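Next comes just one chain, in structure tokens: the form predicted alone.
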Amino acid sequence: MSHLLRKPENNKLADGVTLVHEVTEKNSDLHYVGFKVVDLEPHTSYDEKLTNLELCVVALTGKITVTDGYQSFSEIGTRDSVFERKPTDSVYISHNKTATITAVTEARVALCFAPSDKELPTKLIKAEDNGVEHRGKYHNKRQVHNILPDSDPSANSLLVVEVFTETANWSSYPPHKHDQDNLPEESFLEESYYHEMDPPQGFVFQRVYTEDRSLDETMAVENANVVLVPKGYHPVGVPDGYASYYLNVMAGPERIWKFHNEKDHEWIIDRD
């Protein structure tokens, strides 16, 4: 199996608490991005102690209550399936705090991490505060929910966005990358993709490759898989009959998303 493709671990941490994914600096090639997915049964809780990391808690499905020990946000979350295609609630928590997530209903929660050296206020990011965009044309159309974009100063390092791609379309396309610390032309940002499919037996293809092809992997990605992008281009193709959802986490030395399109395919953007 590719070292960039992660299948669900589904490690039971306690009754009603399952760690679906855990991506850290210790078990991956990523140094800026960390990522977990946790499943919670009603009335169960999960604690995450933050030292030098900031956290964005995304209520993927179900309703949860999130507290940092000082502030509490009750019964947040807006959907039973990500394919309702509506934004959800999230909570940003800075380092040196402990986040506690308690399930009100059955819930799946994403925990998005990045380095942090400046304490910032805990913040509820309401669903209605997500910027919604419709990008692309022809077979390159997708719907984007900006949870923590670089225009929002609420975080030190984290960028978080979710993307819906309809059947027989491409996403993160034409291929682009952000692996050079060369501002203002390009920023260095690692990235993770958490994927879901509708119907869930589907799959998508994702290719991760560098300009010199020293890294070049094409993966068949199934429901609830994670793909890691330490560098390189990273387009996603969605087969006919299935729809795609993914949650992106990005982080790097500077909190700005400035990407470089692969020149061979940039003409796709300017078609009439």
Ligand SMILES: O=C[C@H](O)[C@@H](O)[C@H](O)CC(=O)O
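Keep in mind that what you see is a predicted model, and the values were worked out from it rather than measured. Note that residue numbering follows the sequence shown and begins at 1.
Just so you know, the form predicted together with the ligand exists too; it's not on screen, but the next bit is about it.
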item	value
Partner-facing stretch of 163 to 171, 117 to 125, 82 to 90, 68 to 76, counted where any non-hydrogen atom is within 4.5 angstroms of the ligand in the predicted complex	163 to 171
Heavy atom of each of E191, M250 and W257 within 4.5 Å of the ligand in the predicted complex	yes
The single option of R108, K97, H195, R142 touching the ligand in the predicted complex, heavy atom within 4.5 Å	R142
4.5 Å heavy atom contact, K137 to the ligand in the predicted complex	no
The ligand contact in the predicted complex: Y246, any heavy atom under 4.5 Å	yes
Stretch 175 to 192 - residues with a heavy atom within 4.5 Å of the ligand in the predicted complex	H176, H178, E191
